[in-house]
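So this first bit is one chain, no partners, the form predicted alone, shown in structure tokens.
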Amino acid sequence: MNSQHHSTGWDAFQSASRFRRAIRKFDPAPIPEADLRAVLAEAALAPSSGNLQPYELHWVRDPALKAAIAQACNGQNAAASAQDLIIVVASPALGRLTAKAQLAHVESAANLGESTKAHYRKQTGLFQRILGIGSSALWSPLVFLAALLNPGLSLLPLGHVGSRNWAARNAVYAAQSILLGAAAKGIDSCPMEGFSATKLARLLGLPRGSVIVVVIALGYRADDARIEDRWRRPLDEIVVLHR
């Protein structure tokens, strides 16, 4: 990659990153559907463990449903004034479905050698077991006890809670891609964690075991939207350098 292209790519990323703010009051101007489809297409390229993509992106444009979801988001103005809402939903079951589809793709791929296919069969089989029987609530007490001895084990994708936490962590990559992709298109956003998961699950018709990771409000910032000076911890307090 030549240095000019590298510089242009960095400038574009930095511009989108610094444009992105949590906007809580949106203008009534609609977002072109093609722009949001493009953003969601890029979000689908986000990384995930084993490429299992254990999430769905529920895109809500229907005014009545948007209003009901805004109420389930504790009446937050960002949700009430948003032109579009994206609800990021994750679950081990979605990971299992992806594993099955990915394996079928690998088996039918003419450009993959037998050793590569064997690798994917082994990896996919492992994930299917972990996200299948490994997501049973029976594992939860064992994981809890193990984490008391070694806190790092609390992140294992085992048990009722662990498998759902794993799915949610993977979905966060797609959520961040939506925020930055929208900013690159000049679209404002506000990620929201304040909501009634029970009400949202009912409104969206989600199956049992689903985890609602975040609700993302999208639109264009209103002229009187509150945008304060951005504060972050100093970089030398965040970055721990090991030479």
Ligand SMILES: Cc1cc2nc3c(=O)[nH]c(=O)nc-3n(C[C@H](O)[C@H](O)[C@H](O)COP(=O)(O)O)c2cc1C
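In this text, all values refer to a predicted model and were calculated from it rather than measured experimentally. So that there is no doubt, residue numbering starts at 1 and follows the sequence shown.
Keep in mind that the form predicted together with the named molecule is not shown, yet the notes after this line are about it.
With the named molecule omitted here, the record of contacts in the model of the complex names 191-199 of 63-71, 204-212, 48-56, 191-199, defined by a heavy atom within 4.5 Å.
Within 4.5 Å of some heavy atom of the named molecule in the model of the complex lies at least one heavy atom of Ala22.
Mapping the unseen interface onto this chain, Gln83 falls outside it, with no heavy atom inside 4.5 Å of the named molecule in the model of the complex. The named molecule in the model of the complex is not approached by Gln128, whose heavy atoms all lie more than 4.5 angstroms from it. In the model of the complex, the named molecule lies farther than 4.5 Å from every heavy atom of Gln102. The listed set Ser140, Gln76, Gln123, Asn165 contains one residue whose heavy atoms approach the named molecule in the model of the complex to within 4.5 Å, identified as Gln76.
Contact residues in stretch 159-174 (any heavy atom within 4.5 Å of the named molecule, taken in the model of the complex) are absent; none meets the cut-off.
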